[in-house]
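Listed next as C-alpha cells is one chain, alone, in the form predicted alone.
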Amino acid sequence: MQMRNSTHRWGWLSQILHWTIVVLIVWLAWLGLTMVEMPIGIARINASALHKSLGLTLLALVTVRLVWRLFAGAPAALPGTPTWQARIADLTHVALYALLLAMPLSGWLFNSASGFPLQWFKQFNLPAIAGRDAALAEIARQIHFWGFWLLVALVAAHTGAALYHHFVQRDDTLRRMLPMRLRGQPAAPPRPPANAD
C-alpha cells in the first residue's frame, strides 16, 4: 500500500495517524473523566501529568495529520454520494480538526493561567502560553469542558456514519481507512436498473 493518499483510499500514513489519534482520544477521555473523581494525592497528580502529556502528543499528531492531509489530499467521495452528504462529511471533518486542536490548546492555556508547570512525559518543560490569571483559567476550563462533550458528539456522529455506510449502504467508506489485511472484500458494485419492457 502506498504512503500518499489516492483518489480511492487513504494511504498508510493517514491510516496510522487516524487510528493512533482515535486511541489517544479514548484514552484521554477515560483519563480525564476518572482523574477528576480521584482524591487529591499522588495518584491524581500522576494521572493529571499523564493526561497533559497525552494531550500534547495529540496536539502534535493532529497538526501532522492536518499538514499531511493538505499536502497529500484526500480520497474523492464515492460515486453516487449525494452532494449534501459530501458537504456534511466535509463540515464534520473541519469541526473535528478544529476541536482536536482546541482541546489540547485550551488545556495548555488552563494549565498556564493556573500557574502549573507543564512537562511532556517528564522529558522536558514546555513554556506557559499565558500568565497566571484566574479569570482566563476559568474561561479555558469551560472551553475544555464543553469542547470535550461537543467532540464526543461529533465522534459519535462520525462513527455512526461510517458504520451506516459499512453495514447498511455496504460501500467502501470505512474500508478505505482500514489496513489492507482488515479491509476484506470490496463492496459489490450497484446493479444496473432492470430494463423495462
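This one's a predicted model, so the numbers in the text were calculated from it and none came from an experiment. Don't overthink the numbering: it's just position in the shown sequence, from 1.
The same protein also has a form predicted in complex with protoporphyrin IX containing FE (HEM), omitted here; what follows describes it.
The contact with protoporphyrin IX containing FE (HEM) in the predicted bound form, taken as any heavy atom within 4.5 Å, belongs to L56 out of L154, L56, A128, I143. Exactly one listed residue, out of A134, L33, I42, V67, brings a non-hydrogen atom to within 4.5 Å of protoporphyrin IX containing FE (HEM) in the predicted bound form: L33. Heavy atoms of no residue among W10, H18 and L61 are located within 4.5 Å of protoporphyrin IX containing FE (HEM) in the predicted bound form. Although the partner is absent here, P104 lies within 4.5 Å of protoporphyrin IX containing FE (HEM) in the predicted bound form, judged by heavy atoms. Proximity of M38 to protoporphyrin IX containing FE (HEM) in the predicted bound form falls outside the 4.5 Å heavy atom cutoff. By the criterion of a heavy atom within 4.5 Å, A29 is counted among the residues contacting protoporphyrin IX containing FE (HEM) in the predicted bound form. Taking the partner from the other structure, protoporphyrin IX containing FE (HEM) in the predicted bound form has a heavy atom within 4.5 Å of a heavy atom of H51.
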